[in-house]
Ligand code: SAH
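Just the one chain here, laid out as structure tokens, in the form predicted alone.
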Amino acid sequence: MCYAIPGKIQSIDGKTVQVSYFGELRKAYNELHEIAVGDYVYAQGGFIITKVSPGEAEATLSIWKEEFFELQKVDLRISKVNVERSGIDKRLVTILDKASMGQGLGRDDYRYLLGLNDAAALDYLFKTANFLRQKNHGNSCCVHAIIEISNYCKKQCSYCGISALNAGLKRYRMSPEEIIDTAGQAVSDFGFKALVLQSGEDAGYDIRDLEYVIRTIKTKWPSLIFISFGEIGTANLERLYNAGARGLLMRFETSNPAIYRALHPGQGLDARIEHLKAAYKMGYLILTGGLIGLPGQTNEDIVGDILLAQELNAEMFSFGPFIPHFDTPLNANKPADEEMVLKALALSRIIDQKKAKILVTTALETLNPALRKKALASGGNSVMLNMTPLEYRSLYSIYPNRAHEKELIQTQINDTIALLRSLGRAPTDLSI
């Protein structure tokens, strides 16, 4: 099983190409030197990853062809907004009708949607978000692998279990060769085309180590590589981009400066925002967002968080629930409300209908395993599977009892593909 479907190049305009998937045309950006109309390619995140031989491509497409159209039918059926409007507040009907037509809404409308509590109204909201997902992104769902390479961190963030404050945590740091070998397994053995390399802000890695890792992976196993190492500085961002990294996963956590200062002693929100902006200017795909359910957070803050992610040109929105860790200063606080997280994901889809992918986080599954399916049916269209070696996975303890901590990667893959098929989703990852 490949977590991308090969497509055939139909046209080339500079570095922008059109790729056909069973007659549907999608756009992608080409950084390969030798590519021609008629070539088969794999793509992720809007980037051409590698060429594929006609024999390999046609063999994969022959397997997918019939299922591709069957999945579309399922997705179209599920994403129809069939709700009984009688008894539903007229304001909600007006707002969601405007959203469905792509018309702009205001902050008052966004706050109103986050304040919904009635079951019928919430069903209407979630179905509208799912309709907009299907309308703008088709039935594609990107499936990425994440490798947590180190749980060392020099920061003292008050919500995070791998914070430097947690003196009782057993620390680990994968060697460059371990990271490369794990990435190779993800691509060659399990078929992933997009990888996220994540750690705390670990001063134990020299930037040359990370350059070597990224360059080696890209050379041996063409793939889309995201980095998530915290605030490493503009110069290091540029070095890793030149080595082959093309995405940055870094949450700003909250758009409220006061909450940010309370969560991050001695740090300011502005520096983190500037880091994200600098990465975007370099050409990185931006994956960012915040935590839902933080102490002191209001609905207005959540609206601000989503709008900030859009302002930062996020390719993917990453909004997950706050889950208190027993070894942090926030251990006595309550976890996020499940319904509020789903409302935030749905609102994210309504606010950024056409561009953003909406990630369904592992933290959401940890809060309640049933929420993964609900989130995918509420505007979500991206998932990450944990490829971290089992010997290290439980030690990456950003919050306790994470979902999939003890699951083999093949189990995660089987369960994910079954879920996606039940929803009519296919692993294509390009803009329509």
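Residue positions are given as counts along the sequence shown, with the first one as 1. Because the structure is predicted, anything quoted here is derived from the model rather than measured.
What follows is about the form predicted together with this ligand, which we do not show.
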Thinking of 8, 20 and 57 as the candidate spot, does this ligand come within 4.5 Å of a heavy atom on all of them in the predicted complex?
-> no
Based on heavy atom distances of at most 4.5 Å to this ligand in the predicted complex, which listed stretch, 251-259, 171-179, 275-283, 297-305, is the contact stretch?
-> 251-259
Is residue 317 close enough to touch this ligand in the predicted complex, meaning at least one heavy atom pair within 4.5 Å?
-> no
Partner proximity in the predicted complex: residue 201 to this ligand, non-hydrogen atom cutoff 4.5 Å | yes
Quick one: is residue 40 in contact with this ligand in the predicted complex, heavy atoms, 4.5 Å cut-off?
-> no
According to a 4.5 angstroms non-hydrogen atom cut-off, is residue 47 in contact with this ligand in the predicted complex?
-> no
Note: exactly one of 230, 265, 329, 191 sits with a heavy atom within 4.5 Å of this ligand in the predicted complex, namely 230
Could you tell me which one of 160, 351, 95, 243 places a heavy atom within 4.5 Å of this ligand in the predicted complex?
-> 160
Contact check, 309-339 vs this ligand in the predicted complex, heavy atom within 4.5 Å, ordered by sequence, gives 321, 322, 323
